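Here you get one chain, nothing else, as structure tokens; it is the form predicted on its own.
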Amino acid sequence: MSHAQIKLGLEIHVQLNTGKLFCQCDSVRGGDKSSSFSRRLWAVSGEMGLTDRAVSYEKDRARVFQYEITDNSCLVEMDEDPPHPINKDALLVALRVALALKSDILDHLTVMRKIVVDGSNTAGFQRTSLVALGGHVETSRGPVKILTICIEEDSARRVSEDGKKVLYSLDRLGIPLLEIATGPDIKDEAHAVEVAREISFLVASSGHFRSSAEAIRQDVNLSLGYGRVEIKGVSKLSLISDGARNEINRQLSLAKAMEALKNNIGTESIEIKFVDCSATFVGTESKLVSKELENGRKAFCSLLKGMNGLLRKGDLRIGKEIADLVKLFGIRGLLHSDELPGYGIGSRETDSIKKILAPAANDAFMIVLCNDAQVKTLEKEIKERLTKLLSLDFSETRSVSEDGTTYFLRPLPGGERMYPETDIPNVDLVNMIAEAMDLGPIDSLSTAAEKLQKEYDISAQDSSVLVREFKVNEFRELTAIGQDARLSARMLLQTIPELENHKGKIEFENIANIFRYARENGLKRESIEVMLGLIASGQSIEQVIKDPGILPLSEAELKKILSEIEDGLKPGQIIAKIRKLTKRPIDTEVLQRLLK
């Protein structure tokens, strides 16, 4: 399928550092946890009296949610206190971004409740507000339409999940989140990355961007004609293109598999009926099955009509579509006939299951290891999912793994989950627009890069990368400490990324301390690079500054080494020879003087 037939859009979410949206708590957590509490959440109907499909699905998972109370949370996050008035500073940022994107700002802001029962909000709903409509963002491949600009409270941060129990932290819940949704004008995966970077930078340029690894998250909306798929929470720009590309390939393969299934079953409907086949696995050599049975679970099998060879054969992978769904119910054990014999399951077990199910030549079967209470829910959910896919309706919400592959998360939500927030009055935005304009315009990425280049006399390439990689604040701070803009740019864009790629993460606080120590002790670039390398290798800043190896070779030491090196070598070869003899920094100015 050509890119012309693919529709791509983005929802860009950027955290703000203005303090939380509906209370006076800080956006940043100090690190202390005071206690925790648990909740169950229930599905309720929306404003029109209907229950959203995604909400019903989460209710069927029947999980228990535990919440860590942190030092930047209060009774509002615990849903024990009504929300306070909306954070004015956060709202002003939203208005400035809307003005920069030439959007039409609404006269009034109305806070809505969006029902979510996946545990990400203690109240069972998220507060969200529409700020502006329309507008566009300029890109190298033409303008991309903006559909909506919203401001909402961020969700709680998921810490861990163990079966039916999910642990969340309240440190992130309530942080202002600016959501900017584009139209389906994005031309391909690379263009999507450019759009995400440009819009994210606009928000960051407001000066209220929260600098953290999770501060920017993108949802990728994609359609190939099989319904809209929303890939949620893409935190890395590289995963936008990888996730979109892999999702495109998944849908094309799935369409082939479903067409083949249609040919196999004709007008028959899909039926899932599990039968207890635990007795088949008495004395099994399968460690997977025996472990699950020992833990009190049972083995259930079901016929999959017409799916023989379609569950796992080349790029036909209906089995993974079922497995992704089953995993979300806390079930690890799912096996199917396309991968058997295998996993320690031999012909004895498979022949026994075939006697129970009596499959036809083109039928397959699956085995699920679960509890009695889960069987009816699984029958319902698997049937509904396969029936929907068979109709070539692939619309759903998915997530993306670190390797760029996507996996099923839940059905795509609809408008049924929205209803008005009754605890917060409407906000007059007309009177706030002038105040937002008085704060000054927000620079685009290209304008900010030009200003940075002129201000610090660095190369156009360095200024552009610093801006695109959101490293401007770090660059300014290091330059203020070391008084050398070009050195700061080199360290942030070349030296540090290379060290982190080969050794380990370097916290910015340590980088700043190294620059400060180097300035106070007259150390140059070569010593700074050695110190950064030691930090990346796991040493503390206290250990690094005591290491004699950070001091450059003295003139006398360099003379002695040069006397032992053969004549006729070029300067570059001489430096390479010296580096083989010692790991100490080399002051290139002293070396050049000696060579002359």
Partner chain sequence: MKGNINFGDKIKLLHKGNEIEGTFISFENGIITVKLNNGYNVALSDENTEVISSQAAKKNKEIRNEEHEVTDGVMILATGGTIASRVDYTTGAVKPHLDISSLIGDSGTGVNLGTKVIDNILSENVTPDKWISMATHAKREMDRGNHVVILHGTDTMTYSASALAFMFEKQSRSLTFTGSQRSPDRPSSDAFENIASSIAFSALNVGEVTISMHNSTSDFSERLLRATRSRKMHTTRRDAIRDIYGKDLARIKDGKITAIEEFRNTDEVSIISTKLDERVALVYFYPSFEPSTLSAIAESKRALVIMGTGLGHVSEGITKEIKRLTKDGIKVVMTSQCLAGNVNLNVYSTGRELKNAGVISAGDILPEVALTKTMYLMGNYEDQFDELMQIPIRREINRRLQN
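Since the structure is predicted, the reported quantities are computational estimates derived from the model, not experimental observations. Residue numbers count along the first chain shown, from 1.
Below, we refer to the form predicted together with the partner chain, which is not included among the displayed structures.
Trainee: So which of 81, 188, 259, 138 reaches within 4.5 angstroms of the partner chain in the model of the complex, heavy atom to heavy atom?
Mentor: Selected option: 81.
Trainee: Exactly one of 144, 244, 117, 307 has a non-hydrogen atom within 4.5 Å of the partner chain in the model of the complex; which residue is it?
Mentor: Contact with the partner chain in the model of the complex is made by 117 alone.
Trainee: Tell me whether 37, 40 and 127, taken together, all sit within 4.5 Å of the partner chain in the model of the complex, counting heavy atoms only.
Mentor: The answer is yes: all three residues contact the partner (heavy atom, 4.5 Å cut-off).
Trainee: When the contact criterion is heavy atoms within 4.5 Å, does residue 238 count as touching the partner chain in the model of the complex?
Mentor: Outside the cut-off, so no.
Trainee: Looking in the model of the complex, any heavy atom of residue 218 within 4.5 Å of the partner chain?
Mentor: No, residue 218 stays farther than 4.5 Å from the partner chain in the model of the complex.
Trainee: How about residue 565 - does it come within 4.5 Å of the partner chain in the model of the complex, if we only consider non-hydrogen atoms?
Mentor: Result no; residue 565 lies far from the partner chain in the model of the complex.
Trainee: Is residue 122 close enough to touch the partner chain in the model of the complex, meaning at least one heavy atom pair within 4.5 Å?
Mentor: Yes, residue 122 lies within 4.5 Å of the partner chain in the model of the complex.
Trainee: Select, from the options 448 to 456, 420 to 428, 281 to 289, 499 to 507, the stretch whose residues sit within 4.5 angstroms of the partner chain in the model of the complex by heavy atom distance.
Mentor: Going through the listed ranges, the match is 420 to 428.
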